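One protein chain, two forms: both are listed below as structure tokens, the first as structure 1 and the second as structure 2.
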Structure 1
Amino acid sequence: MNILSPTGHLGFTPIERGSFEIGVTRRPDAIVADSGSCDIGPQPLGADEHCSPEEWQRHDLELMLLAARRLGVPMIVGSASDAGTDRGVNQYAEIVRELARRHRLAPFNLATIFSEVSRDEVARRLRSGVRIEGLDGRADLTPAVLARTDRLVAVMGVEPIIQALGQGADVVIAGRSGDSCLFAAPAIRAGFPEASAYYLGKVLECASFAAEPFMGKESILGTVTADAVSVTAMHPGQRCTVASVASHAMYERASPFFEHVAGGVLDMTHCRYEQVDERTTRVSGFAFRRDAVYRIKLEGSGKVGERAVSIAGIRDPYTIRHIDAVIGWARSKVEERWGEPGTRYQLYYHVYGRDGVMGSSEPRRAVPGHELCVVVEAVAPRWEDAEVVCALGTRNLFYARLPEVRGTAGTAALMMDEVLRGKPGYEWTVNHVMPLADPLELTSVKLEVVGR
């Protein structure tokens, strides 16, 4: 079975048409793409809006839909419109309907799979004694944390997608989905072992990220057999090598050996990699272990407040050497008027040129650049308060009292003398797993006929 993967995040930037069309000539058995991620932060989920321009989403959906209908093979898209909410599923489904009308496509079956979960449903399970276990060091979910959550999605496994395909779906638009599950589902339904299917999904989920040299949004083709997966780069200038495919197992992983999905874990500890030809690598030796209890991941986001942002630059070497003291001074002036940070406001300083990207994990924090960009960010329940706190926290960078400084100029420079309004600030409130008696109980599948 061959599956074409044209992008690691549909709509984030447009699919490259050239390698996609090459992939289509290989006549894949399905065209599959992930369209969401928690990498984009909690704001799109909490606010229930997409972070990718709809024009780009429409571009990618059109490429995939026309190719899939021309070949007569399934098209599967998961985590619709970045966060995989019900709104995102409905948005993508309407785009598919519009495209079908515009191109006068022959009738086909469109399945929509919804995986948004209400707070009331999760609260009911908590009251009944269900343990909802925290991931990555989080405590178990409590009613208090749930109350701070504006929106939740369940990260579905393969089962709802298999159900939709079994009902005759030609196009599947799914809510929040496990990345690898989107690709594994049609392979499992076709009878391939879970180990092969899930490895196929793991290596295809980010498309050309598994190839070298690096190129974004290029297509790759995965071929699954009973005991192996082969992956081939479609762009003439790319190759899927032993190194590029093996290294992809480390991408976004605490461990390169394990891929956890709803219902089990893919074990890549004993994978064997073989270069088949210049652009193809074959992988075998993986295993899949089912969990004793089926658990599904929940993602939830809650609003913290309105956000204000200001930007200052610092070039003076002495000020750079004492940047922490400068920021400390500015913080102290805010606290004099507003008290300590807490529910009333929050204040952050992002120092680009020192540790703005990695924060406390930056290994060269003591060796900053010759100039710094300080992004000041304030969050408060009201925009008017966030604006004032941000302005106060930025302008006091100019007035910091440092030893040995006698002049009144040169401490900092504003990129612009204004405070910018950012999107509201959200936080991840729910990153937990919940046991299910039935893998389908938090999802719903709807089927309709689309086309002239």
Structure 2
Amino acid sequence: MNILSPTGHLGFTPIERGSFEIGVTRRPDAIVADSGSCDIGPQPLGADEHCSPEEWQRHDLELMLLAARRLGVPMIVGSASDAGTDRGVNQYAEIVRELARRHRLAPFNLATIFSEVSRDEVARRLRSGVRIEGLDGRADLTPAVLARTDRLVAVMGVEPIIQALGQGADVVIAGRSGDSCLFAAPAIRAGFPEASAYYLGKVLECASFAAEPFMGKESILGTVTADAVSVTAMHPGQRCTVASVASHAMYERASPFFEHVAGGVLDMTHCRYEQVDERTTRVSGFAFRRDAVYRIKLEGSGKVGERAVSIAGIRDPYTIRHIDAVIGWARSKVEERWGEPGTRYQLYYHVYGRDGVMGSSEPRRAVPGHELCVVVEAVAPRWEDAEVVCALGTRNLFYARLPEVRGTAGTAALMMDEVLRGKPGYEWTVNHVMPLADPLELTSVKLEVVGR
């Protein structure tokens, strides 16, 4: 079985057409892509917005849909519209319906799979004593943290997608999904072992990132057999090498040996990599172990407040040497009126030119540059308050009182004496796993006929 992977994040930047068309001539058995990630920060999930332009999303969906319908093979897209909420699934389904009308496609079955979970549903499970375990060192989920959460999605495994394909879906638009599960689902349904199927998904999920030299948005083709997976770059200038494929196993993962998915773990500890031709690498030796209890990952985001930002520059070397005192002064002036930071407001100073990127982990923070850019970030429940705190915290960089300052007409350069309104600040409140009695209990599949 061959699966074509054209992009690591559908819509994020447009799919490159050339290598995709080459991939289509190889007559894949499915065309699969994920369209979301928790990488983009908590705002798109919390606010239920997409961060990719709809024009690019439509471009990528159109390319995949027309090719899949021409070949008569399934098209599977997961984590629809960046965060994989119900809104994202409905938006993509509507784009597919429009495209089908516009291109007068012959009738086909469209499945939509929803995996958003209500806060009430999670609260109910917490009350009934279900342990919702924190990932990556987080504490278990509490009612208080859940109360700060605006929106949650469950990261679905292969089961709902297999169910949709079993019902005859030609096109699957799924909510938040495990990236590798989107590719594993058709392979498992076709009878391949779970280990091969999940490894296929693992290697294909970021498309051309598994090939070299580095290129984004180019297609790669994966071939699964009972005990091995081969992966081939479709762009004429790219190759899937032992180094590029092995290196991809560790990309964006804490461990290169284990890939956790809903219901189990893919073990890559004993993987063997062989170059089979110039552009193809073959991998074998993986294993898959099912968990004793089926658990699904929950992602949740909650609003912290409205966010205001302003920018100040500092050039005076004396002021730069005393930048902590300058910031201390500005903070103290804010605290005089607003009290200590906490629930009323939060205030952050990002000092670019010293440690704006790395904070206290910056080894060179003792040797700042000859000029500094201070980005002042204020967050408060109401926009008007965030704006005032930000203005107060910025203008007082200008009025800082230092004992030996020569420049007594202002201690900061204001690029503009203005506070900018950012998107509201959100926080990842939920990064947890929840046990399920039935892998399908949080998802729902809807099937409809679309087309002429």
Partner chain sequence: MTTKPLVELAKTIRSKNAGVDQITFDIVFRDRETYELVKRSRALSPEVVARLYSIPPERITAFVEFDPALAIKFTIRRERPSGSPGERDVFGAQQYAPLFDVPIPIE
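Numbering runs along the sequence of structure 1, starting at 1. Given the structure is predicted, the values throughout are model-derived calculations rather than measurements. Heads up, when I say rigid core I mean the largest set of C-alphas that superpose within 1.5 Å between the two forms.
Structure 2, not structure 1, represents the form predicted together with the partner chain. Note on conformational change between structure 1 and structure 2: two rigid parts, with the smaller rotated by 9° relative to the larger (from C-alpha fits). Core superposition places the Cα of residue 352 3.2 Å apart between structure 1 and structure 2. Here the rigid core is superposed, and residue 369 then shows its C-alpha moved by 4.4 angstrom between structure 1 and structure 2.
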